[in-house]
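Before any questions on how it binds or moves, here is one chain, the form predicted on its own, in structure tokens.
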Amino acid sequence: MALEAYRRDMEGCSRCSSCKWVPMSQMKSHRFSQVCPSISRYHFHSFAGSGKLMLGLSLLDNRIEMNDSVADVAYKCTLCGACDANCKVYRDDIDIAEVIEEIRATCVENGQFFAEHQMMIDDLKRENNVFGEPKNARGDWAEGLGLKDANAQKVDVLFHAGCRFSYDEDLLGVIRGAATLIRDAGVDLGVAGKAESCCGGRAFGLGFRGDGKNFAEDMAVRVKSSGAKVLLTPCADCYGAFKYAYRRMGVDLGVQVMHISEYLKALAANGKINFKNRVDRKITYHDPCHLGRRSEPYAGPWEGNKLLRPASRKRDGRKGVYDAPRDLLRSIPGIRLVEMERIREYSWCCGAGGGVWEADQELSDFAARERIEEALTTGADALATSCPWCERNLRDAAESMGAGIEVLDVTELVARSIKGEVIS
């Protein structure tokens, strides 16, 4: 949809600044009351959700020209959706996140974006991943695990690792352990190996709609040819793309999409996995934006007054995946789960999304360090999450701060309880 289709959203903003703050009913302290990394870092209204609505309206009405300054505001944003979820506590006729996506698409149409993003798109086209790593090495992480080749054999479940898990050597044990858990539960599991490509979600989020759709359509073909009934991913970024961005791009995968936390919870409920060993840790959990508020399926465009939309056609961030990771943690003997102040749809972003990690390391680090500081106030000795992008950024922040808190994937803790050892 073009930016013009969101004119009513932009004109309807009352500049109440609810997009900047955790709702009053959920606020527990002044220290952790802010929810938008961009406005918290840059302290100028244009960087808030409301400011971007004004920016988009000004573009439509030719009060400003598309230039570097517009792109600077549009891309110094993690596209975490916190502004959207918090605005919708008070207003449900404004879709801020979709407006930001349309502003970015307009930026790309006019050649206004960061050089780092062009490099990422070039890497995607050349090597099918956002890092520019060799595409022939994409499936190396699964070497020796005995997983089925989904390119040659039909499978019930297609396991999509994603770019970060496929190439981040520090997270190799996490992805291998996760796949091993599923395999050992007797699931007919397959991987595409070096034929797997990026989901295309980052290209879509940056406004490169054509490139995003190319990768989405490629993914749909791969899923169909595998015969899979379930597309399973341990990456929240990919999960959010499959559930939301694909529908916005008009691509139907035709299968059930599940995050690994949902799948492991189902296996536990069916007695296929058992938490046998104690893991005596005090854990706090970080909600990945693309597993939570950004994973709600796109419900389609709405013509006319959005106040008349039924609840089923609204995305307010509340229907994301929040309980499955927490239920897994609570199922593990010995784990004590303690919550941070900003959780679920009101969670603070890790800073790795929206192209910020690639192009604005200062903002990315700022967001991650803020989250580590919040985690430390809980007294937890480890911070668990369900996304490799969050894990990477939060690990780096914790290490640079000398925070003394371990950052883990939930599947690592599950594996420790089931297997009694760290799988590598």
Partner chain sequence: MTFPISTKTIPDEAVSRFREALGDENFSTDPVICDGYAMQPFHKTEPGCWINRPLAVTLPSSTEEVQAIVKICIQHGLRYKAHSTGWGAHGGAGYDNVVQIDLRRMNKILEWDEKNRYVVVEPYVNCAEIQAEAMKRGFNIHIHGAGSVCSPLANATSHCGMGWSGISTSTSSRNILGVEWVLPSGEVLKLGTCGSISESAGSRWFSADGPGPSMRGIMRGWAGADGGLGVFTKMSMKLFHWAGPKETAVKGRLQDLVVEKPDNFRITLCAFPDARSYADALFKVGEAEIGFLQCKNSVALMLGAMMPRMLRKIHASMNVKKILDACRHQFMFTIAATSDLDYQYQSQCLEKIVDDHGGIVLDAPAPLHSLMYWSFVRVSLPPVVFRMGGNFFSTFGGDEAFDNCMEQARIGEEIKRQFIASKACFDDLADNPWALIYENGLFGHSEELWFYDHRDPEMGRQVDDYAKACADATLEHTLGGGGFAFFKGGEVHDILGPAMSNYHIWQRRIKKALDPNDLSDSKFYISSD
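Keep in mind the model is a prediction, meaning the values are calculated, not measured. Positions refer to the first chain, counted from 1.
Another form, the form predicted together with its partner chain, is not on view; read the next lines as being about it.
Against its partner chain in the predicted complex, the set Trp21, Phe44 and Leu55 is in full contact: each member has a heavy atom within 4.5 Å. Leu308 is the sole member of Ala266, Ala115, Leu308, Ala152 with a non-hydrogen atom within 4.5 Å of its partner chain in the predicted complex.
For the residues Ala85, Ala203, Ala216, Cys238, the 4.5 Å heavy atom test against its partner chain in the predicted complex is passed only by Ala85. Comparing 351-359, 28-36, 394-402, 381-389 against its partner chain in the predicted complex, the single stretch with non-hydrogen atoms within 4.5 angstroms of it is 28-36.
Its partner chain is not drawn, but in the predicted complex it has a heavy atom within 4.5 Å of Val73.
When contacts are judged by a 4.5 Å heavy atom cut-off, Val187 does not count as touching its partner chain in the predicted complex. The closest heavy atom approach of Asp287 to its partner chain in the predicted complex falls outside 4.5 Å. Contact between Val89 and its partner chain in the predicted complex is found at the 4.5 Å heavy atom cutoff. Contacts between 186-205 and its partner chain, taken as any heavy atom within 4.5 Å in the predicted complex, involve no residue at all.
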